[in-house]
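Listed next as structure tokens is one chain, alone, in the form predicted alone.
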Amino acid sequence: MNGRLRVGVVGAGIGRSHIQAYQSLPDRFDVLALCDIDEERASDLAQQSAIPRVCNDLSELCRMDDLDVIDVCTPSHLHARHTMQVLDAGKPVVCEKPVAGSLRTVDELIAAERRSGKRVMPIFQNRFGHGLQKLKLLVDRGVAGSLYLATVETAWRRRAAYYVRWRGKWATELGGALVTLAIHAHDALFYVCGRPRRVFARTATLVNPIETEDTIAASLEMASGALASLSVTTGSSAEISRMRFCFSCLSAESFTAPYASASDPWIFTGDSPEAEERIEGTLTGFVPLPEGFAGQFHRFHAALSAGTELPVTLADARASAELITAVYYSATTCEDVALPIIGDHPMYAGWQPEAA
């Protein structure tokens, strides 16, 4: 694919943010159609965003031959079904998180992607904040050294009014704060530091009377041998997101804005004057690209045009689903969980109580 990619978006909720990001890259994308079961809502958003076509049926969107990509922004429990439908229609897919409610379904999506010859890009836009990108550069260039410890905090506030329609329910949100809020920060950890090999966790429902959890504490042993700590709550009056990394040659601490912690400013502290010089010299060569959704879509366009690996893959979505599975299983059994998780695991078919 070359030139501008023609996009159809299904879902006028978070889809609004996707549309804004596509339209911030006018030389790369053209949003031609918007689909939502609430056609009035879709029409209003389409009018505001100068999108020429509106429909209320994904099948109709899939039949639009002039679309190059369909972006799935529907509620969580529909993501996998809609991704399969778009792949069957012969189009590449962008899909919001979580892509599925089980490792089994993620593996089915991976197989469907392979059969279709098309590609699926899950959304993990926090990877592309400038602060996190700088840390990734320092790690990849060997400036950071070996990881000792990482701490990741997602401390947000969600009140009862947030839990309407499909939220807060196992069947439709597929999980609680672990699945739909902290998922981005945990992906950022894996993006920089690799994946874990053991997980121990506790979950609780303490903040709101919902089906799913809203408070999590987890300890991870990374594949490298480093340790990581994850904490999540929807009961923090002061909302922050914070990532902190202790490497042998530097420490890195993120910006703490709750929804922009991957962006600048980050604090990088070298362990010696020589390390400080290496940090400064390496970051002099940092080339900022767009951030957030726009940053991911910018890289998506480049990957499709060049036929190279997508900036986020279904393998990344599987790693995220594997962590979710391990956390819920550990919290249920009070056991330490070894990774990877394969088909014989009790929660391979789903971490929701009825599935497990």
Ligand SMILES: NC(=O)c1ccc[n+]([C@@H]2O[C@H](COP(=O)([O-])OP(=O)(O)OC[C@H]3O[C@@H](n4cnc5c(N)ncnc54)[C@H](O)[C@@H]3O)[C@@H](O)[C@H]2O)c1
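Here the structure is a predicted model, which is why all the values come from computation and not from measurement. The first residue of the shown sequence is 1; numbering continues from there.
Below: the form predicted in complex with the named molecule, not depicted.
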is_contact(C73, the named molecule) in the predicted complex, heavy atom dist at most 4.5 Å: yes
Non-hydrogen atom contact E291 with the named molecule in the predicted complex at 4.5 angstroms: no
I14 within 4.5 Å of the named molecule in the predicted complex, heavy atoms: yes
R28 within 4.5 Å of the named molecule in the predicted complex, heavy atoms: no
Contact segment among 189 to 197, 217 to 225, 274 to 282, 162 to 170, judged by heavy atoms lying within 4.5 Å of the named molecule in the predicted complex: 162 to 170
The single option of M243, L87, I123, A177 touching the named molecule in the predicted complex, heavy atom within 4.5 Å: I123
Contacting member of K118, H130, K97, K136, with respect to the named molecule in the predicted complex [4.5 Å, heavy atom]: K97
All of V106, I341 and H345 within 4.5 Å of the named molecule in the predicted complex, heavy atom check: no
Partner contacts in the predicted complex for 22 to 56 (non-hydrogen atom within 4.5 angstroms of the named molecule): C35, D36, I37, D38, R41
